[in-house]
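Subsequent text provides structure tokens for two forms of one protein chain, presented individually as structure 1 and structure 2.
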Structure 1
Amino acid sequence: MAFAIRKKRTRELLLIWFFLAPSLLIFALYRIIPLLWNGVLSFEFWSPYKPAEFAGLYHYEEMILYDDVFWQSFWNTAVFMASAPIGILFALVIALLVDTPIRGRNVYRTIVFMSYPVMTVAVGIIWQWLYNEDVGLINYILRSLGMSGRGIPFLNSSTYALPAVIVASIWQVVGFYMIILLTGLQNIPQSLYEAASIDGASAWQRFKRITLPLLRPSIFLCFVIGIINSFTNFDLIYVMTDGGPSHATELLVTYIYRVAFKLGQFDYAAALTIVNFAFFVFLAWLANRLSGGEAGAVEST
């Protein structure tokens, strides 16, 4: 009997690994191996035209001590990531509104979500037109209201460029946040709210004691998506500003691209990639700790 059970479990494990193998292979080829290769390359002087030489920590020293653009892009990435809670807050307010029994709520949900499936390049072009100094809709409204005598060069200003891009990014992703939070809201048992109402809890107390704690996994997921977005939002930056003006919107991912494919310094770009990855892992770990340390965990049966 025990032998038959072990044999059955072995067959199940083999079947599981059989179906997982293609995905794991692709993940290894396009994620693990390139990351390991970047790790090796970051400790070398490497060029396609000459043999590699050991460089030790030279690239990291140059990055930390002498590269002002790296620190600018690092700061911009942190600011971009820090804007995620703003989008999550907007999405939470919208999710709470469309979760109430109002007429046409499905239409409202669809309208809010429609921004997310739009290609990021298209989003960049749309917002580039909206911010246009001469014919953009935003500047037209500001002039019509008498708030600005002439057009504001949003994307050509070191002061306004990064906030302008962040607004476009939030606009695109807020619909996705809303769907995640709305799903979390609909999974909260109504009996909890009914019991709290019977006990005399106010709407704010019900939100604070029931809604927020039970929405923590959904909020954590949104925050992780926001972190990923801040590290991978290459196409929006590339279309809207190309990292300018004067690196005011340069993110780590756009700087890595610039160093590797425009300057041809693949070894230094590899070191930047490792720092970018380490920063991302640290932020994901920190977000998980702040959410209780068990976000995304599955209870064993």
Structure 2
Amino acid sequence: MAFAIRKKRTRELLLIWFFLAPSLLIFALYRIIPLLWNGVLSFEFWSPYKPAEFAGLYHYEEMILYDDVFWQSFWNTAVFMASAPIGILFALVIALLVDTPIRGRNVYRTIVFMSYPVMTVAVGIIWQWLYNEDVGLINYILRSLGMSGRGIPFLNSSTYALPAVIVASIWQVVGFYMIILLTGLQNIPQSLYEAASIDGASAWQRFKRITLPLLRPSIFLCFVIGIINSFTNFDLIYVMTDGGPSHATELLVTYIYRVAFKLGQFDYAAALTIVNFAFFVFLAWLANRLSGGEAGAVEST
């Protein structure tokens, strides 16, 4: 009997790993091996034209001690990440609105979601125009309302550029957030609200006591997506500002790309990649420590 159970268990384990294998293989080929490659490269002097030479910690030293742009892009990435809650809050409001039993809510949902499937390049080009200092729509409206004399050069000022890019990025992803939150909302049993109403809870109390807690896994999933976004959102910045002006919108990912392919320092870019990755692993660990149960919720979403 014990043998039979063990045999069954072995078969099950085989099945599990067989099922995981294709996905693991794809990730190994396209994520993990490249990451290891970067790891090796970061300790070498290397270019496409020359054999590699051992460099020790040269690149890491350069980065941490001398490279202001690295630090700036590091902070920009952190700011970008910290802005995720704004988008999520906005999405939450929309989700609550389209969750009400009103006519045409499917139309509203579709419209809000519509920005997500647009090619990022197109999003970049159109927002570039919206923000344009002389002819952009936003400045046109501001001027028509008499709120500013000369146009505000949103993307050309180191003060406004990063927030401006963040707004465009939120515009693009808010529909995606909304859908996630909306689905979370729809899963909350109506009976809970009814019971709370009978107990005389106000709308705000019901929101705080029922909606928010039960929505936590969805909100957390949004956060994860927001954080991924701040690490991988490349196209939008590339098109809108190319990291400028004066690196005001440089994120780690755009900086790595610039260093590798525009400045031809693949070895240095590899070191940046490793630090970028370490930064994320640290964040994940921190989130895990701080939120305990929440990370478990992400695992199961």
Partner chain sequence: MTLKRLTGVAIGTAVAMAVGLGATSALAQSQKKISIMTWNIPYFEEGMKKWIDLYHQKRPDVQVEWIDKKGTEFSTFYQTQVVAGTAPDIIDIQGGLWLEYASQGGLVDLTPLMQRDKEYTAGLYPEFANGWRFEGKNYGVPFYISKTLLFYNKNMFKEAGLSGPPQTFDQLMQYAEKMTGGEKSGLMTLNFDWLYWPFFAVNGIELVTPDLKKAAFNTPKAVALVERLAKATQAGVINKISWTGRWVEPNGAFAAGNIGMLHAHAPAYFWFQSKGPWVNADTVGAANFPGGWSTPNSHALLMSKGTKHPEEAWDFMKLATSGEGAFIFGTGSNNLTGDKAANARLMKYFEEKIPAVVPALKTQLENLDKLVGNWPLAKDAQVKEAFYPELQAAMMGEKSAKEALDEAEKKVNRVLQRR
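Computed from a prediction, not measured in an experiment: that's the story for all the values here. Structure 1's sequence is the ruler for residue numbers, which start at 1. In this text, rigid core is short for the largest set of C-alphas that superpose within 1.5 Å between two forms.
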Just verifying the output here: the form predicted together with its partner chain should be either structure 1 or structure 2. Which one is it? 2
Once everything's superposed on the core, is S246 shifted 2 Å or more at the Cα between the two structures? no
After fitting the rigid core, is the C-alpha of F54 off by 2 Å or more between the two structures? yes
T10: how big is its Cα shift between the two structures, in Å, with the core superposed? 5.1
